[in-house]
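Shown below, as structure tokens, is a lone chain in the form predicted on its own; questions about how it binds or moves come after it.
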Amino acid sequence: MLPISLPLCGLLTDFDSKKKRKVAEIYQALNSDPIDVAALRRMAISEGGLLTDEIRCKVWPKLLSVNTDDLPPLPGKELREDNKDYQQVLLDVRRSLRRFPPGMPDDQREGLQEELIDIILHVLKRNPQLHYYQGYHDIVVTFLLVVGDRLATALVEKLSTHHLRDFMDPTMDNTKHILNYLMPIIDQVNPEVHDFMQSAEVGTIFALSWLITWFGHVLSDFRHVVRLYDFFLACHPLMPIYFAAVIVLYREQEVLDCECDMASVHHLLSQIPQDLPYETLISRAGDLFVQFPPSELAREAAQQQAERTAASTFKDFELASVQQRPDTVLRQRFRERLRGEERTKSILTKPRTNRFVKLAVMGLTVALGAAALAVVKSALEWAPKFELQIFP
């Protein structure tokens, strides 16, 4: 066995030291009285996220303001009787083999699939205003695998009535509306890519499965999925669409080298790479949210009733959640990091420049990091006033 070189050994030691320090900070926040949810949000967003599933079991409920001392009883099998969604849920769950760890014994996987069906039906029965959609099970199974069936039931119910609310309407109108924010974000950063996609008439449907499953359906490595869930749970409900935008922007050259027609561009973008630089893209998504909050992009998005969208109710949700003010927490971090970056202020605030300058702005994530995830108050003003065509 070859000895580890001194520089590599030093890097490993530094990594372990940072990880131990972060774990200690997470538990310090959990053990404070009251629990420091603001610090937990910072930990979930910052590099590496929440690190382990054991920590996620403790922190995810705090991010969603779920009382773990008062969990609902496990759902019973009677939920399946005369349930209008049962057959569709059953079919989707049976097709979800790839969402379970490879090598898992068949009997264990089949038991988890039964629990998955019961959780979904339980949430739908308790919330008749919610409508099942294909892809919902991809989100639920992630929670089931991380926290177990009973806690997953409570977390998924809270998530379904807030962050996922738009996807669970009787129609896809609100989902289409959220997708309609994708192109304006791309346009602000890279007009060349935006114009190319517009010329190809590719639309935004390629990102639908990304959005409605929080990327759970399209990423094969479970570690990447839960890392993104850490990030999304700590942020505004629209953060997944910003993350979708940075994936497209990251693939700029591939897009521009593609044939400029709908079929070619759609095929390229719908095949999401599995080796993405996730931490870099998470930071960039946060930076774009700060630079171009939803309220500034609303003019270019399709008109919807503000009261019907999850993003419009997010302010009520955060105010009702003790110490869960991601806008305040992250805005403060953003201000602190920007003190030493005053020279870049004009770049950060300029609405449109050439694509090379915009790419330079995205490069600032090295300096700004996850602190740029300031969920600013203006971004919570979800009230577009202009009626536009849903898809070009």
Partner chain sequence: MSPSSRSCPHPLPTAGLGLPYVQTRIFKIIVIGDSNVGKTCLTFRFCGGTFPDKTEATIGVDFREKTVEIEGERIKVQVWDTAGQERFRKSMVEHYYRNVHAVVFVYDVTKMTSFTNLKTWIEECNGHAVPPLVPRVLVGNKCDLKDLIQVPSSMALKFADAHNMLLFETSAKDPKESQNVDAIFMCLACRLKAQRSLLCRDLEGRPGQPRRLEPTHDANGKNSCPC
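Just so you know, these numbers come straight off a predicted model, no measurement behind them. Residue numbers count along the first chain shown, from 1.
Although not depicted, the form predicted together with its partner chain is the subject of the following passage.
Asker: Check Gly135, Met168 and Val202: does every one of them have a heavy atom within 4.5 Å of its partner chain in the model of the complex?
Answerer: All three within 4.5 Å in the model of the complex.
Asker: Taking the shortest heavy atom distance, is His162 within 4.5 Å of its partner chain in the model of the complex?
Answerer: Answer no; every heavy atom of His162 is more than 4.5 Å from its partner chain in the model of the complex.
Asker: Is it the case that Asp92, even though its partner is missing from this view, gets within 4.5 Å of its partner chain in the model of the complex, heavy atoms only?
Answerer: Asp92 belongs to the contact set for its partner chain.
Asker: Examine Thr213 and determine whether its closest non-hydrogen atom to its partner chain in the model of the complex is within 4.5 angstroms.
Answerer: Judged by the heavy-atom cut-off of 4.5 Å, Thr213 is in contact with its partner chain in the model of the complex.
Asker: Though only this chain appears here, would Leu256 touch its partner chain in the model of the complex if you measure heavy atom gaps against 4.5 Å?
Answerer: It does not: once its partner chain is placed as it appears in the model of the complex, Leu256 has no heavy atom within 4.5 Å of it.
Asker: Using heavy atoms only and a 4.5 Å cut-off, determine which of Glu192, Asp149, Asp173, Glu252 is in contact with its partner chain in the model of the complex.
Answerer: Checked against the cut-off, the match is Asp173.
Asker: Which residue, Thr280, Asn83, Ser96, Asn127, has a heavy atom that falls within 4.5 Å of its partner chain in the model of the complex?
Answerer: Going through each option in turn, the one that passes is Ser96.
Asker: Counting any heavy atom within 4.5 Å as contact, can you tell me which stretch out of 115-123, 239-247, 260-268, 222-230 lines its partner chain in the model of the complex?
Answerer: After filtering at 4.5 Å, what remains is 260-268.
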